[in-house]
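In structure tokens, one chain follows: the form predicted on its own.
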Amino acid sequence: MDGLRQLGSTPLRVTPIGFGCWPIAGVSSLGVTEEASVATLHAALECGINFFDTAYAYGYDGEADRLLVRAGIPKREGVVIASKVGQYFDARRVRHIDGRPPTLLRHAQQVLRRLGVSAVDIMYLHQPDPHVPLAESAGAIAEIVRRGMARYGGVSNVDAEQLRQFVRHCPQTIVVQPPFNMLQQRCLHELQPVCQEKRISVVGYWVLMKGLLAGKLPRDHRFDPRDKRLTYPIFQGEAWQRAQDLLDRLREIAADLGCTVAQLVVAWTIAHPGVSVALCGAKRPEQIRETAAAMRLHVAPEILQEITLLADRFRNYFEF
């Protein structure tokens, strides 16, 4: 497969767009069905995507992992699977962060059982636990790798100093997963010096900012009151209007290129020199087909620069 990117200094080679399994977990996305989710996973494969990102807490009871199995993805040759440990939902569906080593090891074992594999390619710490020294959590990820439950380690949702500390205690770390999109770039910029020094690849999530940057929500869109996006400031008030100002210009550029706004945004993201993989979630086949097409979209350097300058005019307002 052409266009694959190396993760760290390892033999792992993945597509620049990865499939993020959070939407199919059915926790925060509305209208998720098992049949549509399996069809979406099959569509991702058909589009050439070979990198699938899941987690112990993607679902109240392992729903994302079970859908991956139903779609036959863990058994597919050439597929790279990453998972995360250290978060879970209790019986009341309340989310908890738990970075204690016994918990991380137990989660890893359960992930492997769910997926029906002896090891995943990457096991992340999902998020630092403020009540557990990061060194202990990192050591547990290193132990997971040493036991052969994962080929490599990773960490998500850390700052630059936390990443340095994590790597000291888990030298098998090859990837870091921060939020990254046009409107949220600060975290990546802070991590880049450490990533370059340690040869750590960046796998960005929230690339389309929970659907906002797909450009399909008009200014007068009325959200379902149950939609959890309403808990984010960017989906309300003046921030929402400013985001729509940005999208108006992106719509014009996309129309000139004969692509969708989502494809333009994803193409800009994977062209960013600090990003190895952009994770794109989807709950319907047509969604992942649309974003996966960005892997084949050519955007001239001067257009990419124009988009970068445009985003810079807006993003300081939205960083959170």
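None of the values given here were measured: they were computed from a predicted structure. Sequential numbering from 1, following the sequence displayed.
Only in words, not in the display: the form predicted together with a small molecule, which the text now covers.
When the small molecule is considered in the model of the complex, Lys283 lines it closely, a heavy atom lying within 4.5 Å.
Within this chain, Tyr205 lines the site of the small molecule in the model of the complex, having a heavy atom no more than 4.5 Å away. Heavy atoms of Ser276 never reach within 4.5 Å of the small molecule in the model of the complex, leaving it off the interface. Although the partner is absent from this view, Gln287 contacts the small molecule in the model of the complex, with a non-hydrogen atom inside 4.5 angstroms. Of the candidates Val79, Ala214, Ala160, Leu115, Ala214 is the one whose heavy atoms come within 4.5 Å of the small molecule in the model of the complex; the others do not. Of the candidates Ser137, Thr173, Gln185, Gln177, Gln177 is the one whose heavy atoms come within 4.5 Å of the small molecule in the model of the complex; the others do not. Contact with the small molecule, judged by heavy atoms within 4.5 Å in the model of the complex, is confined among 236 to 244, 206 to 214, 189 to 197, 140 to 148 to 206 to 214.
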